[in-house]
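Here we start with a single chain on its own, the form predicted alone, put down as structure tokens.
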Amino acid sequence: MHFVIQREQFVQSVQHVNKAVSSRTTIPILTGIKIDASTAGVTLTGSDSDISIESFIPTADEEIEYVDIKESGSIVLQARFFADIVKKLPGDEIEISVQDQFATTLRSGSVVFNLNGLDPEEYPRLPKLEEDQTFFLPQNLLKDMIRQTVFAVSTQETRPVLTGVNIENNNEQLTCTATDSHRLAMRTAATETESDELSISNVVIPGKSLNELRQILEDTDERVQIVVTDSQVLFKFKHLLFFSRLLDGKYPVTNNMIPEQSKTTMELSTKDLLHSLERALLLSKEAKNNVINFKTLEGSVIEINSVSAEVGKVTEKMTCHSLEGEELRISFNGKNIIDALKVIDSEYVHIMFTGAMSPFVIRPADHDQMLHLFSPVRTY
């Protein structure tokens, strides 16, 4: 194998596929990045068997030449060193050649690295997926949907299915749901499909996979094709494929958790509420439960307070944009509310309480595509 490639393109592709490589894998060949050179271009692959990423650099695109292939072939190079080396090479081009026994030479400018490669035949093949269940989303929308739900997945492995985000697609409406059983984040959006009847449900994508995918997604409205099978999901970009395994298990039915009626409702400035809760948490940092107490007062005023037996107490009053319904005293995990407020992009939030011991809902005041549900905390 022998080729010369534009450094900038190559570095970007290496960084993308390196996101899938794990140093903790039990399969030694997966600690490497596979490089395939053919007349069409150079394909890079990284995988930890849960996530696999394949990035393709064409020999030329829109009259710009990226790669000069002198000899086709393939090699696997240790990702830990290779990713750092290509990033720090000085020239605008990188020349890669493979000799006998997988000995590999990287040249750029006046720098020469000699690396020991691994046998590319040992590298597992990526799955070929049936593209029956497929739909499309703009990259920026998908990136937002991940940001607005993935923070609520569980970090406990006791119920593995809760460490992922559940996606359902019915009648061109995509719903993403994440819950750790104390809080729930839900986001919906319209999708485009090429089939008339598409119904996808109980597809749970690991939160870890979505966090890696989010780093690859760009803030453009270019579409991503999403292909779903029984055990895998594939996100197809122009020159990149991102595979993730799906989590096994039945995701809890969340629709019936969301209360329909309310006893107390209020509308508040998102930013003011966020800052107030952040101040209240300054004292309860030591306590593990992050408890904040919340009560309604006369004339659309609420009081937020937090008590730490060792440190002291903080109390703050805040005027609501609107406040209706019964008097209310409730306690909750302030950090969970803060996490949700940080991903709500609206100026005002609408909060719906159904009583002191019942779950309550926070949603943006200006649209109904997002919803956050929280369990209160018993403080007595």
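Numbers for residues come from their place in the sequence shown, where the first is 1. Since we're looking at a predicted model, the values are computed, not measured.
The form predicted together with another copy of the chain exists for this protein as well; it is not shown, and the discussion that follows is about that form.
- Using a 4.5 angstroms threshold between heavy atoms, Lys313 counts as touching another copy of the chain in the predicted complex.
- When another copy of the chain is considered in the predicted complex, Lys70 lies well away from it, no heavy atom lying within 4.5 Å.
- Contact annotation: Ala309 falls within 4.5 Å of another copy of the chain in the predicted complex, judged by heavy atom distances.
- Another copy of the chain is not drawn, but in the predicted complex it has no heavy atom within 4.5 Å of Leu246.
- Taking a 4.5 Å heavy atom cutoff to another copy of the chain in the predicted complex, the contact residue among Asn171, Asn116, Asn255, Ser201 is Asn116.
- Put simply, of Leu283, Leu129, Ile216, Leu240 only one has a heavy atom within 4.5 Å of another copy of the chain in the predicted complex, and it is Leu283.
- Heavy atoms of no residue among Val76, Lys295 and Ile330 are located within 4.5 Å of another copy of the chain in the predicted complex.
- In plain terms, the part of the chain that comes close to another copy of the chain in the predicted complex, with a heavy atom within 4.5 Å, is 313-321 out of 47-55, 313-321, 60-68, 32-40.
- Although another copy of the chain is not shown here, in the predicted complex the stretch 265-280 places heavy atoms of Glu278, Arg279 within 4.5 Å of it, in sequence order.
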